[in-house]
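Have a look below at one chain only, the form predicted on its own, in C-alpha cells format.
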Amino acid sequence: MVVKRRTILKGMLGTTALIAAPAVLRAQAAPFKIGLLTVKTGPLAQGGIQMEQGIATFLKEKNNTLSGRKVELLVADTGGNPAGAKTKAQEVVERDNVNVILGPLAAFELLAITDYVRDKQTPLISLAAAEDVTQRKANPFVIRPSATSAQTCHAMGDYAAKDLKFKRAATISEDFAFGYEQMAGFQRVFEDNGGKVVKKLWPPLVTPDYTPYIAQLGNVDCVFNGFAGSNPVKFMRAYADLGVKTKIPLLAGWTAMDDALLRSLGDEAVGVLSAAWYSADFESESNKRFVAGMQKDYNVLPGGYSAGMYIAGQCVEAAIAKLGDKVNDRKALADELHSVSLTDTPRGPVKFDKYGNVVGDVFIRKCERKGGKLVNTVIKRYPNVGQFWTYDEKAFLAAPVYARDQPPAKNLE
C-alpha cells in the first residue's frame, strides 16, 4: 500500500491581482503530481527520511505551487529493495498517474526501475548513483542532480595524491554496487597520480562489528571509506575506539560524512576529510533558505539526501516554467529537464550533460568542532566536475563500468 501524504497547497489567491492570467489558469488546472520513492525502514532509512524532508521544505517554500501550478506530493516507501522500488514505481505511475518520479535512494533500486520508466515514458529525478544509468545505458527519462557514485571520489583521489601526498591507501565500503563504484573512482584517480591502493575491504551492508575489517588495514598512509546510511557512525566509532584514528588519516565519500550525520557523531569524526557535492556551509541564497527551513521544521542540519530533493524540486519548477500547459506531456517534460540550467541551488550552479548527469562543484571538507558543534568546513572546491572527471569521454565509456574489480587492483598486498 502506498503511503500517501497529499500536500495540496492553499493557493496564492491573496496575490491574484499580481499573477499573470496563464499562471492563474495553470493554478486552477489539475494538480501536478510528484511521486516520491523513498526508504523509511532499514539501514538506509535515515537518508530516505531526509529525502522526504528536502522536497517538503522546497514545496512549503513555494506554497506548494510551482510556476502557477498546484502540486500534489505522493510518498511511497520502497523498503530499500529492488522489488519494492519496482512495485511502488508501478503504483505511482499506473494508479496515481504522476507527472514525475523523484527517487529512489539506492543504486540497486534505480537499476530495478530504469527500464520501467523508459517504457512508461515517465520522467525520473534520482539521487541514486548507479554509474551506467547516465553512461553506457543512459536513459532519456532519467536525470541525476546529485552525482554518480564515483563523481566526488575522483576528486578525493586527486586531493589525496596531489595535496596530501599520500602514496599507499586502503579502501573499505559496503559489498554492493554503490561501494564498488565509489572505491573504483578513488582508486583510478589516486593511482593515476602516483598512489597505490594496497587493500580493498568489503563488509556486508549489515555488519554488527567492523573490528575484523579494521584489523586488516595494514601499513597505509590513509583509509578511504564509502559507507552509507547509518553504517558510517558504527564504522567511525570502531575506528576511533581501536586507536586507529590517531595513526591513519580517515578519508570519506559524501554519504559517509553527510552533514545530516554529524549530530550522531562525536570526536571520532573530528579531522575526517570528505569529498561531497553538497555542504550545509555553502553560501548561496537558496542554501541559506533551505538550511533555515530544515532547521525550523525538522531541527536538523540538512545533508545531501535532503539537498538533492530540494534541487530536484527546483529542476521541476524550471521545467514547468518553460513548458506551461505542455508539462503534462511526459516526454516533453523529460526533454526539458535535461536542458535545465540553474545558477542558484543549495550546491551552487547546476547543469546536465547529454546523458542526464549533473555537472557541478565538488567540495573537499574537513570535519571540525566549532562552537560545540561538528561542522564540515570546506577547504577546497573543485568547480564544474562532470561524471568523467578529466578523462576522455569516449575512452571512459569504452572501458567496462566501475565494479568490484574494475579497474583492476594491481597493487594489492
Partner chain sequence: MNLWLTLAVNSIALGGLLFLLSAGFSLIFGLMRIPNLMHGSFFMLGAYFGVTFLSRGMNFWLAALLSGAAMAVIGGVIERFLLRRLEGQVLPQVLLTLGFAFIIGDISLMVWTGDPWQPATPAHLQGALQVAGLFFPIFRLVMVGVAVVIAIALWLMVDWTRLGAMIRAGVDDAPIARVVGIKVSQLFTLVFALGAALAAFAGVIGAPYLSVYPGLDFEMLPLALIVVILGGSGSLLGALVGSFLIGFLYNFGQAMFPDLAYVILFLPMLLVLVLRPQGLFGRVVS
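Positions refer to the first chain, counted from 1. Just so you know, these numbers come straight off a predicted model, no measurement behind them.
We do not show the form predicted together with the partner chain, though everything after this point is about it.
- Shown here without its partner, the chain carries T207, D241 and R263, all of which come within 4.5 Å of the partner chain in the model of the complex through at least one heavy atom.
- Only one segment in the set 89-97, 186-194, 67-75, 227-235 has residues whose heavy atoms sit within 4.5 Å of the partner chain in the model of the complex; it is 227-235.
- Within 4.5 Å of any heavy atom of the partner chain in the model of the complex lies no heavy atom of S339.
- In the model of the complex, the partner chain sits within 4.5 Å of a heavy atom belonging to A45.
- Within 4.5 Å of any heavy atom of the partner chain in the model of the complex lies no heavy atom of Y116.
- Residue contact with the partner chain in the model of the complex: K40 places a heavy atom within 4.5 Å of it.
- This chain is displayed alone, yet in the model of the complex one of A83, V270, A321, A215 has a heavy atom within 4.5 Å of the partner chain; that residue is A215.
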